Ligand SMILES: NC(=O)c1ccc[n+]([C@@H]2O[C@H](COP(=O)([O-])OP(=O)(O)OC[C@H]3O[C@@H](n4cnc5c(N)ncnc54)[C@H](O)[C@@H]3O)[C@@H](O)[C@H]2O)c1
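Consider the single chain below, provided in structure tokens and representing the form predicted on its own.
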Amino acid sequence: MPKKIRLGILGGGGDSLIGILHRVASQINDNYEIVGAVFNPDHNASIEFAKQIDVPTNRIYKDFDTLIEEELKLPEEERIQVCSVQTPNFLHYPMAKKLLDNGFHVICEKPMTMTYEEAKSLQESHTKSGKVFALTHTYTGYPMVRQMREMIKAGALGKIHKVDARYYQGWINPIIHDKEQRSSVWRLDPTKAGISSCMGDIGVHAFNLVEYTTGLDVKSILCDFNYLYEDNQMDVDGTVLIRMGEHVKGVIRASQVATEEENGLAIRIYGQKGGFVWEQEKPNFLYYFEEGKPLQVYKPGHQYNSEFSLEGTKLPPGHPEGIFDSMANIYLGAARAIRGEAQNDGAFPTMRDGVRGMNFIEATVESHKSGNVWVELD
């Protein structure tokens, strides 16, 4: 087996949901070893957390700049090869850019940057660096999402004409109705989260899933946001009409105030010959509607699935896999890319997905603020 890839971690310490997801995912396929980190802005807290998860403390740095400086002093065969950026949104761009500019591969949480201009700037740095950049749109790693992508690519639906994607959560609902609370959550602070909360955090996942599965680009959008309160600057709910072609249309619906919803990401795709339905809370079931035939249900691990889907399945049929496995498939794709191994072109979301996502987010804000008008994407 190839030697493990030396992984650095930025953020994700303490009780961070994203932190545990990334750490477990990086270990599932035995491709990575955590060798250095800045888990927390507080150096002592960072060291204590490293001890808790049994990571050596000699390369737990006081801050990001020190990590770069000290790692570059090490021989190439010892230094961190790839860094995973798990910090709040406003740190993604400066960290990812400096990492690429200094010769590190990058695995980055979404949204990739705070603005579309930053995204294009980061794309330039990435092109110059020649390094791997993976964006963790986690849901692209599910075997049944990959099966749907491969079947659509093979023509299972014929010409696509309708897409309906939604992402409903309810966690902000009890917060948004309390003035003090909604003024203190970083997701509702534009200086830390960017220009959008709902579309920037979860709507962009639905957008990415639309483009990933269909293989089509969204060409223009019309958006209507709901802020609920005049003093709240950030969208917490939104509906976006999308056009992917003259006769290919759809809708993306996202909400963080869908009362008591948990993580309701789902997509429906309809074409001339059939349709697909997939729901993230039931990720091991892919429903395939074929014109004039009974409903078919695809499940992971069966040999009728595509090679790409089966590569992302680690257990025999009937053994449920979930979000950790999905993220692990993205880490696996990044590992293969770092090693220069051949793989499917959908193995992990790339820099292009990050740029497209920021283009989408800014377009939704522009559309709403301009009076709910159609806006072209680049």
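Counting begins at 1, following the sequence as shown. Only a predicted model underlies this, so the values are computations on that prediction, with no experimental measurement involved.
Quick note: we don't show the form predicted together with the named molecule, though the next part is all about it.
Proximity to the named molecule in the predicted bound form, defined as a heavy atom within 4.5 Å, holds among S306, N89, T214, Q81 only for N89. Taking a 4.5 Å heavy atom cutoff to the named molecule in the predicted bound form, the contact residue among I221, L157, M95, I175 is M95.
Annotated contact segment (heavy atom within 4.5 Å of the named molecule in the predicted bound form): 32-40, selected among 306-314, 50-58, 32-40, 340-348. Within this chain, W278 is remote from the site of the named molecule in the predicted bound form, having no heavy atom within 4.5 Å. A residue is said to contact a partner when one of its heavy atoms sits within 4.5 Å of a partner heavy atom; V24 fails this definition for the named molecule in the predicted bound form, lying far away. Proximity of T136 to the named molecule in the predicted bound form falls within the 4.5 Å heavy atom cutoff. Among heavy atoms of P143, none comes within 4.5 Å of the named molecule in the predicted bound form. Contact annotation for 96-128: residues with any non-hydrogen atom within 4.5 angstroms of the named molecule in the predicted bound form are E109, K110, P111, listed in sequence order.
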